[in-house]
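Just the one chain here, laid out as structure tokens, in the form predicted on its own.
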Amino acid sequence: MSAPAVAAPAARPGIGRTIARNQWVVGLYLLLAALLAFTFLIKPGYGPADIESLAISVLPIVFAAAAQAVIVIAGGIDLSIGSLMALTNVVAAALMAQSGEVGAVGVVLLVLILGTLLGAVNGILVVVSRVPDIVVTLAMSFVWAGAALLVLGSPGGSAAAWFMALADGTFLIEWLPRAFVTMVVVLAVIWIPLRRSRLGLSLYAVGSDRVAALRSGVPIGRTKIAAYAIGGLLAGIGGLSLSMSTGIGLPVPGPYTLGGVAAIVLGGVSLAGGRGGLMGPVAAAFILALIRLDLVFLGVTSDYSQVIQGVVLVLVVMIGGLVELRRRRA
């Protein structure tokens, strides 16, 4: 008699379920890989130094997207992220100019606390006033932008050498930018414990179904304030990343609010709340940056470049909406 056939070991169901639940994020990383390959194709000389510049330029957008993602997951939105980043950026630059290399450690901690407190102020105003988040945070964006101009009326200040080194150069190998490593470590330290904590579950519960969360005993007000505080912390880190990459303070808010919103929309975070994470927005931030870069390499003028980026974003979001609709019907 022949020996019975031995079945091949089945793939672990956990991996399959994880991929099935995160098809959009997996697709984004495949798209990112394809865009990188296309970039190398149209510019064969694209090398480690260019990858490093890309990582440094995307760093503030990634933190702005992370800040926005946490708040949107909890059912809110914050249009003051860019102004918060500008304020924390100029505070860091102004204080580091006077503190020296050792004192810069205290400045970093102070700026992180400041960002958290300012984010909490946004959350408290939203909860107490019961005015829509978009209105409150739009108004506060002018307050934080004005405060940034009060701290530094023009670009100035400085950053400690060790602090700037966190985003400068490469790590272990020449193709791995230190800015990228810094970004991954910081996001992992904040997001992984948060996602697995009771507070993280509460953020998703409030964003998914506010009434059901309330009936389950989730403190809605405190959870919303916590979401804005964490968003403020990440915005503060984004401000520090600006100081880290430029070495100075820039009191005028950059395009980080809208850039962060675009990254989370493309990254699969539902604007209705309760769905998404940080893996998607990180990939989306790099994708949007690479699209802009490739258009420059192809000689497309800036006016057409803006139109093309908008069209690409709309098409991708529409495809995501159709995929989600089919998933719900299945």
Partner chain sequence: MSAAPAGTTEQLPASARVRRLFREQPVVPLLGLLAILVAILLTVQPGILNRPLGWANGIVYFAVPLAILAACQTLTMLTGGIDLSVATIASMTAYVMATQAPSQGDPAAILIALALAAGVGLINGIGIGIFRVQPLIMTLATGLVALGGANVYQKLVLTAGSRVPEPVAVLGSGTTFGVIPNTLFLFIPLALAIMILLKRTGYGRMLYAVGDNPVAARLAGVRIPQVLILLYVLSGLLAGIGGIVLAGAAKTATLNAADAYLLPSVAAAVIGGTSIFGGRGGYAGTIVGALILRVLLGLLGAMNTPEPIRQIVYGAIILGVAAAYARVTDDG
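Numbering follows the first chain given and starts at 1. All of these numbers come straight from a predicted model, not from anything done at the bench.
What comes next is about the form predicted in complex with its partner chain, which is not displayed.
Chemist: Would 138, 303 and 313 all count as contacting its partner chain in the model of the complex, using a 4.5 Å heavy atom cut-off?
Modeler: Yes, the whole candidate spot contacts its partner chain.
Chemist: Indicate whether its partner chain has at least one heavy atom within 4.5 Å of a heavy atom of residue 190 in the model of the complex.
Modeler: Judged by the heavy-atom cut-off of 4.5 Å, residue 190 is well away from its partner chain in the model of the complex.
Chemist: Residue 262 near its partner chain in the model of the complex, any heavy atom under 4.5 Å?
Modeler: So residue 262 counts as contacting its partner chain.
Chemist: Does residue 220 reach its partner chain in the model of the complex, with heavy atoms at most 4.5 Å apart?
Modeler: Answer no; every heavy atom of residue 220 is more than 4.5 Å from its partner chain in the model of the complex.
Chemist: So, in the model of the complex, is residue 146 in contact with its partner chain at a 4.5 angstroms heavy atom limit?
Modeler: Yes, residue 146 sits close enough to its partner chain in the model of the complex that at least one of its heavy atoms falls within 4.5 Å.
Chemist: With its partner chain left out here, work out from 157-165, 173-181, 127-135, 110-118 which stretch has heavy atoms within 4.5 Å of it in the model of the complex.
Modeler: It is 127-135 that comes within 4.5 Å of the partner.
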